[in-house]
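To begin, one chain is listed below as structure tokens, in the form predicted on its own.
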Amino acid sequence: MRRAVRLLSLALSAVFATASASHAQAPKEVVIGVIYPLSGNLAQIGIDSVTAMKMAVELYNTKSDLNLPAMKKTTEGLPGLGGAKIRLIVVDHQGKPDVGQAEAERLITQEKVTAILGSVFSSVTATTSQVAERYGVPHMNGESSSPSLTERGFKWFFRTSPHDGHFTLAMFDFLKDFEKKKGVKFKTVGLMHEDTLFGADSGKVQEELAKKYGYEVVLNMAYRAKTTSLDAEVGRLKAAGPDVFFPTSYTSDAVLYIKTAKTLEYIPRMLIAQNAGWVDPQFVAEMNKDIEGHITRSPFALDLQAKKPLIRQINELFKKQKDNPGGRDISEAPTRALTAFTVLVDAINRAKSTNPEEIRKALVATNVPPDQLLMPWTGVRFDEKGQNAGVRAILQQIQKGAYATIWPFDLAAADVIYPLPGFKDKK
């Protein structure tokens, strides 16, 4: 009997010793490096995205009952790491790949971050992820849509959002559905894109799918990003007269296109943008009625909140953030950043460690259900390339200064404005 008691005592001592050691090894904080554009022509997108992530950090570091990944909990901090708090280190890449590369290097080697998240621009994400891959640090991405980013065979790169292949497929599926529903027929398309990785990949996949769906590509033009003139390009568009025009432009170029098209009085029957400038709240506010009827692809829609009450909850919190003094609604860019960030934190929490390999294994095993997402996706599950296999793209149209979901038709909140009204007819 005495021997049994002694063995039990030794066993309990070992358990308590292990628990104590584990608790002692748990980090007090998890440091995540965030690389976003905080200056330049996409600064507002970067600022809003960082605001959304800071909001999420406050929720993770306190008790929360929100149904986001790893956020519904009765304790402060991350329960998987003994209550460790999250701290962000936010840096500005200025829209420049070389700056992003240098900042990624600094975050990993000097700041010792657990993971990196960013970077909106596909060209910048390409360089920051190369650095993360070299050092074996998890790199999460929520916005960059160049398909090639997940075709490089990288081990440490993960993307939650659709890429331009998914989005462009949705655009052409929409055209076919629209033709069938409205009894119209489109024959020709025109493509114009900026010349960085984002634009080049977009133009390539759009031309491939246009031909596959039976449309004649009458023009496929690349222009220099951040150009000061699009007179020649818009002139060629007007001369070619495609039924549907597909622009791929960041904000400053998108503004220039609208002003040039207005001057030259170029109006296609339908315009479908590859996101970017067309989802920048600053662009929508500045262009106002001149972009009435323009369509853009998106992974998120605020008007889906009737079907997803979680959107309303997050939007109310976002409007109260101190870095959102105007109380603007949450838009596509911050929701994409928030989604990527919560998926990353969920993996770190499940890994119960800040060890890079343990976090990578947890990311590979990710299975976030649709009720924990703001997006209309079937969930988040990464394929062997690090691409989320649960994505679903939607199309929105700018109607009376706001985005209205128009496709898939089963999710539509408004009918499609067609054809595009002339600039003088827009109200």
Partner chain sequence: MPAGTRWTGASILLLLLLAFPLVFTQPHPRHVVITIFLFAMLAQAWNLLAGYCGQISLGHAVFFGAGAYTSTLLVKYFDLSPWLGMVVGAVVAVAVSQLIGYPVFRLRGHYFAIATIAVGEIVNTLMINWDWAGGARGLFVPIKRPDSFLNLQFHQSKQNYYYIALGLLLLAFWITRKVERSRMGYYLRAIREDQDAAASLGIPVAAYKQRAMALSAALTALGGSFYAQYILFIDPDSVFPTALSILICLVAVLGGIGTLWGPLIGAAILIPLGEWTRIYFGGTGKAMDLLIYGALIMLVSIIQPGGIMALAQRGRRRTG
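Keep in mind that this is a model prediction, so the values were computed, not measured. Residue numbers count along the first chain shown, from 1.
Keep in mind that the form predicted together with the partner chain is not shown, yet the notes after this line are about it.
Residue contact with the partner chain in the model of the complex: residue 231 places no heavy atom within 4.5 Å of it. When contacts are judged by a 4.5 Å heavy atom cut-off, residue 103 counts as touching the partner chain in the model of the complex.
For residue 98, a non-hydrogen atom is located within 4.5 Å of the partner chain in the model of the complex, even though that partner is not displayed.
Within 4.5 Å of some heavy atom of the partner chain in the model of the complex lies at least one heavy atom of residue 130. For the candidate set 282, 148, 188, 220, a heavy atom within 4.5 Å of the partner chain in the model of the complex is found for exactly one residue, namely 148. Here is the short version: of 378, 39, 61, 399, the single residue with a heavy atom within 4.5 Å of the partner chain in the model of the complex is 39.
Comparing 78 to 86, 195 to 203, 338 to 346, 179 to 187 against the partner chain in the model of the complex, the single stretch with non-hydrogen atoms within 4.5 angstroms of it is 195 to 203. For a residue to qualify, one of its non-hydrogen atoms must sit within 4.5 Å of the partner chain in the model of the complex; all three of 92, 109 and 224 qualify. For the stretch 328 to 359, the set of residues having any non-hydrogen atom within 4.5 angstroms of the partner chain in the model of the complex is empty.
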